[in-house]
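Below you will find one chain, with nothing else, as structure tokens; this is the form predicted on its own, and questions on how it binds or moves follow later.
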Amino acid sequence: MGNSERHAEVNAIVSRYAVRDAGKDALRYSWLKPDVHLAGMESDRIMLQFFAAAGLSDLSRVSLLEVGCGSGSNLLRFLRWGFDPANLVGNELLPASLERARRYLPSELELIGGDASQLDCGPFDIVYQSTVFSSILDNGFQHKLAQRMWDMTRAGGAILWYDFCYDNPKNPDVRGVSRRRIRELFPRSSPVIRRVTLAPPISRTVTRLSPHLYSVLNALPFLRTHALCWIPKPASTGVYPGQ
């Protein structure tokens, strides 16, 4: 992927975010809403299971980079779990979101602005992304970012992934990332993929009736719209093979 194509997709991503209603999104994703905190609790539980299965017994010693950290809400989650702020790094493309993250997060936590595909740091025990790839509509840019994330993950570490599996017919600015696509992006890994998160339009409706309905309907796998993945990098691996 050439620099001109990369710049074009980066500018397109910025433009897509610019037309979103930040105020509406803040209300929709407020932790005061049952559908939001129930989905968050589900993801928390599975992420912690991934950490335990990987033998990460002391999270204060684990280094982690979040690609597309937004205002820092996920990094705050990791701090609450016991990560040392000096071992956490956040990257964010949008200057306004990066500035909010600087206000919310401790000064020991490094924040880096700009295009994540151009980062040169690490290696990290974990490289994390949440709903970043579904906002990238260019296949070449997806591959380039996946390669950079893989290169910034230490051998024996892992990429942690949370994103949509399906397209949203009401939002042409996002594109679902299927299990097959995840495996294409990381061909030297054997990802552990868990389907999570009751479809948001359903969860918003049913939790207004009763929060208990979330777990009832979420028991049906075909109603879950996201993938939560642990994508390990073998200890003996070389660099990402590229595409």
Ligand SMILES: C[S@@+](CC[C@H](N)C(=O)[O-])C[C@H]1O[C@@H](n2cnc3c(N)ncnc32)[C@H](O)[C@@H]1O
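From 1 onward, residues are counted along the sequence shown. Because the structure is a prediction, the values reported are computed rather than measured.
Below: the form predicted together with the named molecule, not depicted.
Participant: Just to confirm the contact call: exactly one of 133 to 141, 82 to 90, 165 to 173, 146 to 154 touches the named molecule in the model of the complex at a 4.5 Å heavy atom cutoff, so which is it?
Facilitator: Of the options, only 133 to 141 has residues within 4.5 Å of the partner.
Participant: By the heavy atom within 4.5 Å rule, which residue out of 160, 109, 101, 116 makes contact with the named molecule in the model of the complex?
Facilitator: That would be 116.
Participant: Using a 4.5 Å heavy atom cut-off, state whether residue 228 contacts the named molecule in the model of the complex.
Facilitator: Residue 228: no, not in contact with the named molecule in the model of the complex.
Participant: For residue 96, is any heavy atom within 4.5 Å of the named molecule in the model of the complex, or not?
Facilitator: Output for residue 96 is no: heavy atoms all beyond 4.5 Å of the named molecule.
Participant: Quick one: does residue 68 come within 4.5 Å of the named molecule in the model of the complex, counting heavy atoms only?
Facilitator: Yes, residue 68 lies within 4.5 Å of the named molecule in the model of the complex.
Participant: For the three residues 30, 36 and 78, which mark the spot I'm curious about, does each lie within 4.5 Å of the named molecule in the model of the complex through at least one heavy atom?
Facilitator: Checking in the model of the complex: none of 30, 36 and 78 is within 4.5 Å of the named molecule.
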